[in-house]
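Let us start with two forms of the same protein chain, each given on its own as structure tokens and named structure 1 and structure 2.
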Structure 1
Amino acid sequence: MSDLAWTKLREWLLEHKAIDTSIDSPNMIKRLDLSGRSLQKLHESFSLLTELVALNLSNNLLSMLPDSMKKLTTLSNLNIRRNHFTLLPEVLTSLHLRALNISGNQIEDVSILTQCKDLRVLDLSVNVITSMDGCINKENELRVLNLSYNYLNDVNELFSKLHSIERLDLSGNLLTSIPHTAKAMETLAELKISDNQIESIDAALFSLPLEIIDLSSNEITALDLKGLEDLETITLDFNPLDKLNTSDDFAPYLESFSCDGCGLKSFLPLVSTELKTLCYASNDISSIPEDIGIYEQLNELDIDNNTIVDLPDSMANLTQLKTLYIDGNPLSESAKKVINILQPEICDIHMKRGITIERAKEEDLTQMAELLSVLFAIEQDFTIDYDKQLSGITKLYHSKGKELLVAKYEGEVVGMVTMQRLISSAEGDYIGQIEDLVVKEEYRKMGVGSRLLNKMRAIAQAYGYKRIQLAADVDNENALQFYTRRGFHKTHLKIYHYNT
């Protein structure tokens, strides 16, 4: 090893604040975080880090990795998420990686992965992959695979190769069916396959040891639920279900069932007495069955926006109920008395009174800037800087084509949302870009976020906007579910930032 080469590499790492001054040998560096440094290439002596085990290069401007990295024989965890790769670096085939994250690039061909037999965790999400045929070695050791938000339309061969898979995410692709080869995934515990175009599901799926399955936002019209004795959570939201049946052996230990916006006329006979979360929001259900009382472990029930008038007395058995969403139903006075007996901590017809939704005033801007720090603490792409946030929200307040709404309680800003007017060439007219929706933690689950969003949608409609759109962090599951349940649909578009 050249002392001069190490000296230059050390200076480069110090310049990028990746190591501290106590590091005086490349062998001391086992883990290295170079994320978000705007790197276009790695230092020419990077291969000196032969003891490196984990390397984070995410959120940079990289489009290639040097072949000299093959000397990093101990490297087992590599993150190159959100860079500018259009091809998988060939050097990956020389490494013995156990975990690889290449999410958020522009990669279509991943066939070289067939040479990466050691991988256990692989994230290929948010790329432009159209096929996985011939890309996974039959001797692979994959346990976790994320292929969400690509352009896959056939996973027949892929499923046949995933004999050790435990968690699989195929959300946001172009799949129309779950094929018979699903039977090969004998260890699969979690399957996310929402936001596709699935119409048919092979019976093989119901023989798997699944614990979690998300089939929301597909094109399923008929489904017979059976088996799945290990299942704990199933989500069927936003499918046009004309026929939905359950057998007596379906999911005996089910804890969470969601069927939001599916056009259902009645509750399903679920045999599990372990249910903790039950959602039938936005259907056409007019009554709740008397046997709902068997779900004594239920702590959250969402039946918003149905046609329910009366509630059965058996609901008094739901002594564990903490959250009840029941607004948007023509409830009778006797039904309201049942709710009073239950006394859930959060009930959307008994929310904190006095929270108002109004257009922001200039004196609200300082509180709004403080609220943004709550949002940016969640979203990875942004950093908290009060002065910048105050400057930004002030400029937005004084700009044309903007709308700023705040939720206030006793004069305090407890929530906010903003919208800017844009021109869409696709729509040929104005659209609204919604941003900065955030509610203080102690005021969440009170409908504040929904009220802010609904008010902003009404404003957009009044202005004649052809579309409203928003962006959300892909890792913020709560936000993604919130927007999906309120009618927003995910797209294949990806957002890129270029800092000038």
Structure 2
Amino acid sequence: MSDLAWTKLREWLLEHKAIDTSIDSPNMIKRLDLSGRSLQKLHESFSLLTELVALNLSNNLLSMLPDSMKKLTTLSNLNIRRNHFTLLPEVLTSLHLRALNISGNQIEDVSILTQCKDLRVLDLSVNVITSMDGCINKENELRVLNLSYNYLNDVNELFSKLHSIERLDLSGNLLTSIPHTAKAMETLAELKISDNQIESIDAALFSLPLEIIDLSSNEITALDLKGLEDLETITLDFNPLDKLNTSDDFAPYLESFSCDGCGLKSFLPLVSTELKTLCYASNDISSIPEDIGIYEQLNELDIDNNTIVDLPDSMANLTQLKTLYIDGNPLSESAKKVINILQPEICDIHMKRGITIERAKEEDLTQMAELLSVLFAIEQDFTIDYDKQLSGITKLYHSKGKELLVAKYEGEVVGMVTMQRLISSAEGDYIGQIEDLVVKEEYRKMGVGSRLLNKMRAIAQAYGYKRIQLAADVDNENALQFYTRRGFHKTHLKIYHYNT
């Protein structure tokens, strides 16, 4: 190895912030992230990185990879997503890749992949592939294959070779049928095949160990659902279903069934008592069967935009129901009473429409100060003092590097959040400190808090803040869950106050 070559490669990697200065040997580099660097080519000495295991080159301007990369014999994970490749680089056939992501290029011919026998995970989505015939080796080890948003119209041969496949995504192609060769996919647990033109499905599909299947947005007019003992989720949305039947043996442990916009006139007799999510939105259903009460685990029921007038008394058994979408039905008064008894946490007919999220104006400050008292009533470290809260929020409003958002309903402030700009020595740049996120009690469970937070995060991104952070009362379980669900992670830091 030439020291000069390594020195130059090291400088190049440092320049692209792919390594730090502690790296003084190419053998120390096992993983490299060079995504989003506008690279048109790799450094000429790139093949010195012979210990490389994972290489991320996504979101660049690459159209070729150097043949010298074949020296990267330990490389098993390569990501060249969203580049300018029109041909698969020949060097791929010399590598021993386990995972390869080529999504978002302009590749039509992937036949050289037949030489990549070690691949377990392959993402070829969003390319211009018209055929997979002769592209997968008979002795392949593929477990996960994503071919969504290509131009495939025949998967007969492909299916016959996917004997180890577990997850397969064929959404957004031009397929018209699911062929008999599907029977070869004996380990297939997840099949996504929405947004095609499928009219016919071979019975072989129903013998597979599928747990998840998405058949939405196809041209299926008739379907007999049977078998599929392991099935947990099925989505049939937006198919022109004239005939839909189920057998008694269909999906005994089904948890989620969705048939949105299929022109159905009635519920299907699903035998599973494990159902948690049921969707029959935008059909022509006029009544709900009495036996809906057997779905005691039901968590979400979506039956909006039908012609339902009454609700059966058995719905009172749905004690786990948290979310109900039922708007757009000519509901009777007694049906509305059933809903009031059920009291789902989220119900579209109870949602206030027209809640806006906007930047606070000076005239909102008094209402915001009042709203803070709701927050401080929960947080043990603070006491309610309207004058202090008004003074604080007013000072914040007039300060630099601040953002104040309010949720408004008919002119009234019903929620708020603030963000202040801080400088983080750890990040070496600005960050945002989120505070005062609160929503009035009667406007909760309507997603107002999420909208406030989402908007604030978008503002933080626009400002280029490296991080946003917040503090929450350790006993406020709702808040802790809320932030965790939205991607915030708990730190090891504790906050200390010292009153001056």
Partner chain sequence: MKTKDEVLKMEICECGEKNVAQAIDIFQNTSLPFKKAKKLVTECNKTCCRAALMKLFDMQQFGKYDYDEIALLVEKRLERMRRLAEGA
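Since this is a predicted model, take the numbers as computed values, not measurements. Basically, rigid core = biggest C-alpha set you can superpose within 1.5 Å across the two forms. For residue numbers, the reference is structure 1: its sequence is counted from 1.
One chain, two forms displayed separately, with the form predicted alone being the first of them, structure 1.
After superposing the rigid core, the Cα of G261 is displaced by less than 2 Å between structures 1 and 2.
When two forms of a protein are overlaid on their rigid core, residues whose CA moves 2 Å or more are considered shifted, and T418 is one of them between structures 1 and 2.
In the core-superposed comparison between structures 1 and 2, the C-alpha atom of K243 has shifted by less than 2 angstroms.
Lined up on the core, K408 has its CA atom moved by 3.6 Å between structures 1 and 2.
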